[in-house]
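Here you get one chain, nothing else, as structure tokens; it is the form predicted alone.
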Amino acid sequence: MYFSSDNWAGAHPKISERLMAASTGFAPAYGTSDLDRKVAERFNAIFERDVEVFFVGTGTAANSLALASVTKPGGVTFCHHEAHIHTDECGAPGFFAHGARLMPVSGDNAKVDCAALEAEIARFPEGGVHFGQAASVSITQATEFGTVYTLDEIAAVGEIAARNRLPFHMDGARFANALVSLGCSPAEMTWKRGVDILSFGGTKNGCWMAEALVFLKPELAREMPYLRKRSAQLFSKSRFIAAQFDAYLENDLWLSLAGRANAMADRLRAGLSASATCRNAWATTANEVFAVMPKAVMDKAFAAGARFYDWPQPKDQPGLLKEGEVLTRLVTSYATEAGEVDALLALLG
């Protein structure tokens, strides 16, 4: 009963098979192989336009290099205060962007509030040398709270970014889960709503280790070949990442895997809604579920072998927990079985 993270899940057999097939023989290095080019063309097809794709090893690298590629001296990136780049990346975005800052923005359900975003951007007027320069806007899709920006919500943030001439980045570590949740195309959830740069995650959804930085506006990628090399993210045998994406994207495997993870989360949410002891902390729509439960129930589940995280209470939800209760995060993956969900729900009452 593993619900700690989709990072805990193994690799899908089709992806493993493709990786093994690519592991023999010889191929040009540093992203110049036929397989690298094939996968780059597939990204063009998926996003319905020519894009620039850069393979990297981690989501933190993708996010950090995305922001570094568009920063300015004294640069400021605006993101939600619960965003992964702000809370969980050990200052990497600032490190790779030579000290650029992240400016947290408020908003319900871990989504950037547009009015708050405009107010924060206004604090950094052009020519205000003492304050620094507004450099970019970033959102997380799906969010750190398991919620998903609607297409209209993405477009509203994109409009603010465009009006202020700020590149718009999307952290898509769980991009596929959000996409399946909305039932739209990759183009509709990104550049058609103003997104310029995407961190495209595969590791959480059945890959071994495959992340991509996708420039939906290729002209923004001018410095990326150098940034990727300087940050030690240019892999000599990059065909091994390309092989993973080759299988991942073939016949929409990536969407099928995300759909299964989301379906298992739906099953878990439904069970929690019927529980006498536990409850959903808030509405989620992707593959992360946040549940409130008595600590004694959590301890009982842990003792029986269940694995999930107790989670810090959000600062903007002070009345969420009653005495003796804890907030927990449970994450499903493509490998989660219905029987595991039902076994966990039985433990939780």
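Since we're looking at a predicted model, the values are computed, not measured. Note that residue numbering begins at 1 and tracks the sequence as displayed.
Keep in mind that the form predicted in complex with another copy of the chain is missing from the display, and what follows is about it.
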Inset, instruction - Kindly confirm or deny that A11, G91 and P225 each have some heavy atom within 4.5 angstroms of another copy of the chain in the predicted complex. - result: yes
Inset, instruction - Given that the partner is absent here, state which listed stretch (278-286, 293-301, 26-34, 41-49) has heavy atoms within 4.5 Å of another copy of the chain in the predicted complex. - result: 26-34
Legend entry - Non-hydrogen atom contact N251 with another copy of the chain in the predicted complex at 4.5 angstroms: no
Legend entry - Non-hydrogen atom contact F168 with another copy of the chain in the predicted complex at 4.5 angstroms: no
Inset, instruction - Verify the contact flag for V129: yes if a non-hydrogen atom of it lies within 4.5 Å of a non-hydrogen atom of another copy of the chain in the predicted complex, no if not. - result: yes
Inset, instruction - Decide whether V53 counts as a contact residue for another copy of the chain in the predicted complex under a heavy atom distance cut-off of 4.5 Å. - result: no
Inset, instruction - May I ask you to list the residues of 301-328 that have any heavy atom within 4.5 angstroms of another copy of the chain in the predicted complex, in sequence order? - result: K315
